[in-house]
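Only one chain comes next, encoded as structure tokens, the form predicted alone.
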């Protein structure tokens, strides 16, 4: 997103007599010189004022003070300064009170490194010491950490996610509050926990965050916890993994989970993701031959590349390269079953047997022979081969 366009939004708000700042994680990432994500804006203007000032707006969360402003083709969330009441459901405040103070607005945020505001002149408003905590590589709750975690226990998972992403440490009081309130994670939906845990698995310092989970005994409050595995930063190379599915597979392999598909059920991912992760785990354990044409044909280049990265993750040497697999794949006579010169109807017409599992089994045999070059992908040659096989069975 463009800072210059965000500045236009802020300038327009200021020209109408309102305060406005860029807030949230983007300020943190700007100071850390990391890639920037969405740019959020906080303002003293009420939602109806924002809608009046700007030509193109979308009232996505107007009851909470949020309006999307469209500026030169980009969208910016503009939220009124607010003060929140008690959190009665461990997620949402019972009431939201609009405010005219940026400091009050920042005081309701989770951690000091996320509670800074960027002024229009480029200076940072930092009432809770977020810049100093960035320098110390410290994650510290805003205000009373007990209150922050009791308001929304998911903030504990967010703390772990920042440990993983940034490689920071937890402030001592924040650490104590996290351990003391860990059981409140049972109040949070599995879907929200999974979302944060998957972000944790994507961090470059994931092994440190996992180690923290074990040391603080937080795993007993996570789905299928407690966990039984040892974190080994000297071997695990998380940067080699490139997808969410690969990271789940690495995590499950490190724990020796025998049935990944069933184990993942408690985390409530999609069935498609459960299948993808399970296939990766099973294929890794099968120790595939990466140069075998049938292996490449059956599993595809992307899945085998994922298994190669998993091998590297666990410190195993892989002699085959993706380039070599690509070359083998290109030379394959067929790349999917629909490219076979015969189908199930052809087989049934020739063999003259009732439909049954034999059709799929015979098609798979033909596939393998075609892929390995022992049978040409030609209807006549395939038919002749089937005839010979039947004759051999009759004579046998």
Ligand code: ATP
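As the structure is a prediction and not an experimental result, all values here were calculated from the model. Positions refer to the first chain, counted from 1.
We do not show the form predicted together with adenosine-5'-triphosphate, though everything after this point is about it.
Can you tell me if residue 40 lies within 4.5 angstroms of adenosine-5'-triphosphate in the predicted complex, counting non-hydrogen atoms only? Contact check for residue 40: yes, within 4.5 Å of adenosine-5'-triphosphate in the predicted complex.
If you check in the predicted complex, is residue 161 within 4.5 Å of adenosine-5'-triphosphate, heavy atoms only? The answer is yes: residue 161 has a heavy atom within 4.5 Å of adenosine-5'-triphosphate.
Partner proximity in the predicted complex: residue 273 to adenosine-5'-triphosphate, non-hydrogen atom cutoff 4.5 Å: No - in the predicted complex, heavy atoms of residue 273 and adenosine-5'-triphosphate never come within 4.5 Å of each other.
Non-hydrogen atom contact residue 114 with adenosine-5'-triphosphate in the predicted complex at 4.5 angstroms: Residue 114: contacts adenosine-5'-triphosphate in the predicted complex.
Within 4.5 Å of adenosine-5'-triphosphate in the predicted complex, counting heavy atoms only, one of 323 to 331, 349 to 357, 23 to 31, 51 to 59 shows up; tell me which. Heavy-atom contact with the partner occurs in 23 to 31.
Quick one: from 303, 194, 109, 237, grab the residue that has a heavy atom within 4.5 Å of adenosine-5'-triphosphate in the predicted complex. The residue in contact is 109.
Could you work out which of 247, 140, 309, 155 is the residue within 4.5 angstroms of adenosine-5'-triphosphate in the predicted complex, going by heavy atoms? Spelling it out, the residue with a heavy atom inside the cut-off is 155.
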